[in-house]
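One chain comes next, on its own, written out as structure tokens in the form predicted on its own.
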Amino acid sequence: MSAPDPPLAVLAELTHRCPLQCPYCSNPVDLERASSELDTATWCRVLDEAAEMGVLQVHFSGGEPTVRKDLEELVRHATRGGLYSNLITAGVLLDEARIEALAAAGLEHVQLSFQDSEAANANRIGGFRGGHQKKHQVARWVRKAGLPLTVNAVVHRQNLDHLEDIIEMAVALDAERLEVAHVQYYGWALKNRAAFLPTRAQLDAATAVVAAARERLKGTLVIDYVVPDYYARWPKACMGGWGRHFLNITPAGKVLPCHAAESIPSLRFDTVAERPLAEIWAQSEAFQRFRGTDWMPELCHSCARREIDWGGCRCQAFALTGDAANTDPACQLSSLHEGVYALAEREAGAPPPAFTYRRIGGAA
């Protein structure tokens, strides 16, 4: 296999600490404690290595990245290295002065998460009292500071009926982009799947709402739309393909091909303490395992779409079949596809169970 091109972006998960408890959180169920987090000097070294590799963007994330007191220093260091910096945040810990400080340090974009357009339900889903109201204020401060704003809206059966209002909220907040992302079922979301899976009718209605809004708001708001795989006909090209464009660094320094990759227990992930970032990207066993097409089972390897979807999602294949090398059951050609569709309809048709909230020790 030839040497891979450098990744376009790094997701820097600075911490798993977060004041919110979202039950669909993309963090692993086994959360890293603060004592395991990389220190400032190590993160700065890693940012330098990323820039030297040819990485273009760094996305500061978590958990909640603003719990890190060194966030401004990390943004400043990334900027000096020529990296475009984006902050992915719940916003509730920010004030106007800190937003201005981050902008002065070189921050170039903010992605602000919302759990709903309606305060009571949003705060219930996030498990944080007063969070929704604070997010509105933060959005105004972000725009006042001259930073572009993306609204991240994770949607599911318990807020999809408010989708039109969520879109109008994004417009009112002067966002340039709205990401309407159906819950993807790994980690915490997999534990809470029955609480979140929409019915097919809900999905179809939401898709129509997005299509109409895209036409109506052309030139005003860009809307990205991510559908739930369980109702898909073809798998998505997860992360643009395993180990092709993207890498993720955990709070403890593990380097992953995607944010959910630790859900595959057979893989071992190198850390930035063990090897240089470029060496991990090019040579590590975990990145090589599903990179390209040689690893694919025959159903995928002979498919004309093999370099379109790159075999779909390995974490989903593991979650639904027990083997990460299997065909992603989101693919209609998989023998398991109809069973996954039936599972979705069955769980979505039953009353939603109570949430298992995201918290250390809350995974039982």
Partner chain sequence: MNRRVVIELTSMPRLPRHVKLRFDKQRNRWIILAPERVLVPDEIALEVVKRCTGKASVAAVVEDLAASFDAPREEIESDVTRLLQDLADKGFVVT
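On a predicted model such as this, the values are computed, not experimentally measured, just so you know. Positions refer to the first chain, counted from 1.
This protein has a second form, the form predicted together with its partner chain, left out of what is shown; the following refers to that one.
Within this chain, residue 239 is remote from the site of its partner chain in the model of the complex, having no heavy atom within 4.5 Å. In the model of the complex, at least one heavy atom of residue 218 sits within 4.5 Å of a heavy atom of its partner chain. Under a 4.5 angstroms non-hydrogen atom cutoff, its partner chain in the model of the complex lacks residue 183 among its neighbouring residues. Of the heavy atoms in residue 262, none are within 4.5 Å of its partner chain in the model of the complex.
Here the chain stands by itself, but in the model of the complex one stretch of 48-56, 335-343, 313-321, 64-72, 48-56, has heavy atoms within 4.5 Å of its partner chain. The listed set 278, 209, 93, 222 contains one residue whose heavy atoms approach its partner chain in the model of the complex to within 4.5 Å, identified as 222. Scanning 164, 108, 118, 274 against its partner chain in the model of the complex with a 4.5 Å heavy atom cut-off leaves one residue, 108. Contacts between stretch 165-185 and its partner chain, counted in the model of the complex as any heavy atom lying within 4.5 Å, involve 171, 174, 175, 176, 177, 179, listed in sequence order.
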